[in-house]
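One chain follows as structure tokens, the form predicted on its own.
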């Protein structure tokens, strides 16, 4: 498998937009062509070769080694292949991801995985706000695929989630799952205030009570839900950290009733 490696020479004070640098678009280009690709740096463009050392051959695999965490749009719009970011990424990492795999070994900024429809995003560090949420101007968030955050995530994770699965191994900020339409959001650490606010459908799986829930959730009591075994097996394939380890009865809260919602929040009993 051919691998192309782009190593940033030095940090820049301006943010860099790398949204066009994905394996499928670089495949078939020579080193000289890749070096001439225009990169947006603030309000100007600079040839890629002035900012990055270029090694290897383009193919299905791309490795980016940042010098700082201000490289925006890494992996956005990818449909196939593998992207590995060895360090921190900026905003909108894997935004609009439709297929393939994006692995980030450090932290990411806001809007990681926004508008995803497929593929897999793995973040070894922490994520900013609006993880898997809607892109600017969109009415729906993530509609497919899988996101795993091994650290913590900021506010509004899973906003308007429609399909797919988000697993956060650490803590999560306020308004997790706000206005969820469907899909699954699992938080293994502690969730913040107003978890599930405006939720219509879908499942939020928590390992402990959040900082607060909307009062417009109805307690359906403790139930032995058969699908829990399937859900926990799915999460186990993503991470070795599980919210309960083995299936057991869960307290089921339904809502958000204020929005006519039929979503559920599951808490360990």
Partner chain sequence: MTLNGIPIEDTFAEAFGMKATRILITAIDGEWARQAGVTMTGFATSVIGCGVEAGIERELAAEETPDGRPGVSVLLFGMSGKDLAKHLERRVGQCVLTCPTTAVFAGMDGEERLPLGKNLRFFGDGWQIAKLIGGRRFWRVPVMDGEFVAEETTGRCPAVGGGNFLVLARSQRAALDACQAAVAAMRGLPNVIMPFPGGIVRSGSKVGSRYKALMASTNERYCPTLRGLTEPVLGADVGCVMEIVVNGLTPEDTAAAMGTGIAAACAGGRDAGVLGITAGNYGGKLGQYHFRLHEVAA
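Residue numbers count along the first chain shown, from 1. Just so you know, these numbers come straight off a predicted model, no measurement behind them.
There is another form of this protein, the form predicted together with the partner chain, and it is not shown here; the text below is about that form.
Proximity to the partner chain in the model of the complex, taken as a non-hydrogen atom within 4.5 angstroms, holds for one residue of 150, 163, 79, 120, which is 163.
Checked against the partner chain in the model of the complex, the residues 173, 183, 133, 90 give one hit for a heavy atom within 4.5 Å, which is 183. Residue contact with the partner chain in the model of the complex: residue 36 places no heavy atom within 4.5 Å of it. Contact annotation for residue 208: none of its heavy atoms lies within 4.5 Å of the partner chain in the model of the complex. Put simply, residue 230 is close to the partner chain in the model of the complex: some heavy atom of it is within 4.5 Å. In the model of the complex, at least one heavy atom of residue 252 sits within 4.5 Å of the partner chain. Residues with any non-hydrogen atom within 4.5 angstroms of the partner chain in the model of the complex fall in just one of 38 to 46, 65 to 73, 219 to 227, 51 to 59: 219 to 227. In the model of the complex, the residues of 185 to 206 lying within 4.5 Å of the partner chain by at least one heavy atom are, in order, 201, 202, 203.
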